[in-house]
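Given next, in structure tokens, is a single chain: the form predicted alone.
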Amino acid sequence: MKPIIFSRPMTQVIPMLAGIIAMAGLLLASCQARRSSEAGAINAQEAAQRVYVAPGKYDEFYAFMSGGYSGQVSVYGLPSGRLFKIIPVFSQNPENGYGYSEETKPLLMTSYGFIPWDDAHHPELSQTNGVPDGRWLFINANNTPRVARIDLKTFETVETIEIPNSAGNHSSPFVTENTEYVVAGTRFSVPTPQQDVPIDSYKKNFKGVLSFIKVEPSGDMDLAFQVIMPGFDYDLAHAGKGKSKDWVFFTCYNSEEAHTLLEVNASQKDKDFVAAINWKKAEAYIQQGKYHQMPGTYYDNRFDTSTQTARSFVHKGVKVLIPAECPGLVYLIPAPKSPHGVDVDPSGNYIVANGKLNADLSVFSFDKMQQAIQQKQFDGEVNGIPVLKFDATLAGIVKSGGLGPLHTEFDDKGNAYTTFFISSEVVKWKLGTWQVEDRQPTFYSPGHLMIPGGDSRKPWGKYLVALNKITKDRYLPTGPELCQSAQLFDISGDKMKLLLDFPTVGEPHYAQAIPASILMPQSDKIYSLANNRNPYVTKTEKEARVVRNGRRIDVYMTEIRSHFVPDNIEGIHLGDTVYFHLTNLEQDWDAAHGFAVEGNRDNAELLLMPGQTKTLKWVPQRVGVFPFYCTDFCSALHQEMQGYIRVSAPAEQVALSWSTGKE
């Protein structure tokens, strides 16, 4: 059968041919990259010295990288590339019991029920006056739309909020200059509100939704309002800063509003758009009551650090604004060739939109955009949204000479750095002159890149990390599935210098970094046992006990080097459900304990930091005596840290009892 694609007009075939040419370009670029690898890297000994962190010394920066389809965030040191911690966010983590303990399960609750996995793409540090402040890290869930907040005192997830009326939460979560809002845009337009309609009614029924999540000074999030947009695909976003601080910019593609074979049908137009949203004006419209109430059920799950327990709050309904009814709220700026990244320079004046099917970069001016609005230099409208004239907003074109530009970050010297996926390189160019200053190959095909503070008003422009999509030939092979890859460049001089390759966990879409000097002083070392308000806490061994309430058994248990109290439990029967409430009595940094019990088929282990309380649910499956033990090597007598729980048949008359040290 003849492939459908060949029966289409040439205008639809051209993008496919462009793809073939692009792939050829990729192969050529890869070969060129190999040949130039010696020129791209500095002397090996010098590079090693620049990334070497001596034993007992600390890295200069924390780097937070998205875990992609692992649903996690990984924490690295720079410049060493050493992995410090995996922070579970949207996925259960058997290593420490996140999403398995009763205290953390609510963090994974949604209107669909318990969702134990997601696809995490873009970490974003909170900011004050446009500068990363080290309070929180936000990250998006792409699949079941959510945004999470991580407390950077404990490096633990403390809130997840679901986003209704959205699908494919990709252009998320980017903060405004003082973290007033986290913004989130839908990648996939869907029927809004959701309903059963024919897919080919896309242009009639499908809409895009841009969400604004209010962040309170405490950090608590709430969905403030949504803006109903045309049925495009909203790809990425960044908030303005300085003079543009009241605005947020979203790239979008598929202005053709296609619903099938998008690789062809969503590439027909020469230009798509950057959507510029004035969030200050949106606030005013909300206060004036010019919103509609739209159905939408969503969960907001908050972790109370005093009780060490998460609770779910269910909300119904959301305020929405319709741009045609709100003049000045939204403008569309034409941007060439399916733009992907949209990045705002430290001054807040230049907005870089990278068309991924383009070779050149379009840089727009916020000042010219304002002038074009005042002079009504419009080129039509879409759903009542004015389209600004391209030339009226354009500041300059960067003639890059590369292929497939994706993302741009900035240093503190007036330079910008852009990744080129197809030609597999990072290109450095000058703001204002638009001239290319340098280019270095990457290995291979970078997506995002990251400079510490590189999307803020205060970049720490010493290092650049390229987050690459292909790793073959770079590390020892591990079968068909290879690790992910990042590369560290020194950008302190005129020319970029490759220093280090290091593997990453999951797919590192985006990353953020901040000086260690900001985070280290505020890092918690223990959980205060005195301030532990978990309803199941056991603060002394004398308070340890076992309580029966019908078929529910509550075991209030303590851990300290190197025993449990109690460590012998009898009187449990088949049909009972046992809740082990573990409290780690230690108050010394790094004195952790674990807990696991045989035959626990529904949950994982628990890992408890000093002063922490966690609960594990266990449903006995058979009669017998079953051991439990500490899973974290806590002392020289760690192996002795164990206990037994006896499970009897329902008809057996075995009284409930518990003890430690009783022979």
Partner chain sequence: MKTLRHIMAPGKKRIAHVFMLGAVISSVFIYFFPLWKITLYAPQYPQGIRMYIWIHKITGDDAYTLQNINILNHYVGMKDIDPHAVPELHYFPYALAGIIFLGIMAWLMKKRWMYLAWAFVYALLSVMAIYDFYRWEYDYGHHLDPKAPIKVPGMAYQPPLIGVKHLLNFTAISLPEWAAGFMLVSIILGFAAFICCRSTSVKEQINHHDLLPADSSQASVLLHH
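Values in this document were obtained by computation on a predicted structure and should not be read as measured data. Numbering follows the first chain given and starts at 1.
What follows is about the form predicted in complex with its partner chain, which we do not show.
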Inset, instruction - May I ask whether 471, 475 and 507 each come within 4.5 Å of its partner chain in the predicted bound form, counting any non-hydrogen atom? - result: no
Legend entry - Contact stretch among 522-530, 294-302, 389-397, 549-557 - heavy atom within 4.5 Å of its partner chain in the predicted bound form: 522-530
Inset, instruction - Find out whether any non-hydrogen atom of residue 635 is located within 4.5 angstroms of its partner chain in the predicted bound form, and reply yes or no. - result: yes
Inset, instruction - Please check if residue 561 has a heavy atom lying within 4.5 Å of any heavy atom of its partner chain in the predicted bound form. - result: yes
Inset, instruction - Look up in the predicted bound form whether residue 345 has a non-hydrogen atom within 4.5 angstroms of its partner chain, and give yes or no. - result: no
Inset, instruction - Report whether the minimum heavy atom distance between residue 588 and its partner chain in the predicted bound form is within 4.5 Å. - result: yes
